[in-house]
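One chain is shown next in structure tokens, namely the form predicted on its own.
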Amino acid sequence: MRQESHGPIGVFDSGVGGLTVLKALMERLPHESTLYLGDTARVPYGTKSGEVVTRYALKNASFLLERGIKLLVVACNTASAVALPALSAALRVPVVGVIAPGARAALRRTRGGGVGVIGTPGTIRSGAYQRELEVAAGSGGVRVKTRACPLFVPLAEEGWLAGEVPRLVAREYLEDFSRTGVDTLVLGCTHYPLLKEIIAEVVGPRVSLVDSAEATAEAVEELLSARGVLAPEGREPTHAWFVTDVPERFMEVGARFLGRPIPTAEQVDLSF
């Protein structure tokens, strides 16, 4: 079924991290309306089984689909790693995850084939970025170095984005990356763009950073354009936020991720 250009883009994540993807979408596609769902009652997804995450993802997608979205963005690395096939099969709208766009952007950027990926333990353990990079690279080959950086998430959520504490944590995780032939580093968690400056400082100028949020926004623009359903220029967009628990905390922390105030967030019940 053809989706009309006036429909909003739907975005979901387990919490606030996906707001960096929403921010990239709003900056790249300023005329598009959006609906964001943060499943804050069941965060984090990374500690749960693939079957459970897929069930949550389908429920989230159904909620957004009922509100007339024309495209779904899975702004969660864990859900992107395990639930995309089920979502694509079940939904009548296109589905874009954050892993494939980030991997393709890294391959375009790398000069010598050495790509690093940092993410949460669940994302790194899933091997999703490694598989996507190897498939996309094909016969050209790619060397992938991965590292889980779990402390970056609480640092981002608490606003510890500069200074000695995040610098020491980043050094502990990343100081050896540039010495192992990595020239491109994928920020494989939606929280990590907030720490981009500290990460860039630690890995050094010879390592190019790839923000999966920005790569995902680019992929969404290309897909909507190819389907002829981009919102017309000059249209005034609307934006709405939904959460499954504690709207006040979401609005407070989420404003840091979105780079602007979140005027309101409606709590909804997705239990089943």
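For clarity, a rigid core is taken as the largest C-alpha set superposing within 1.5 Å between two forms. Fair warning: this is a prediction, and the values are worked out from it, not measured in the lab. Numbers follow the displayed sequence, beginning with 1.
Not pictured, yet referred to below: the form predicted together with a small molecule.
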With the partner removed from view, which of 76 to 84, 102 to 110, 140 to 148, 163 to 171 is the stretch that lies within 4.5 Å of the small molecule in the model of the complex, judged by heavy atom distances?
76 to 84
Find out whether any non-hydrogen atom of residue 153 is located within 4.5 angstroms of the small molecule in the model of the complex, and reply yes or no.
yes
Quick one: does residue 43 come within 4.5 Å of the small molecule in the model of the complex, counting heavy atoms only?
yes
Is the gap between residue 189 and the small molecule in the model of the complex 4.5 Å or less for some heavy atom pair?
yes
Would the C-alpha of residue 48 be classed as shifted by 2 Å or more between the shown form and the other one after rigid-core alignment?
yes
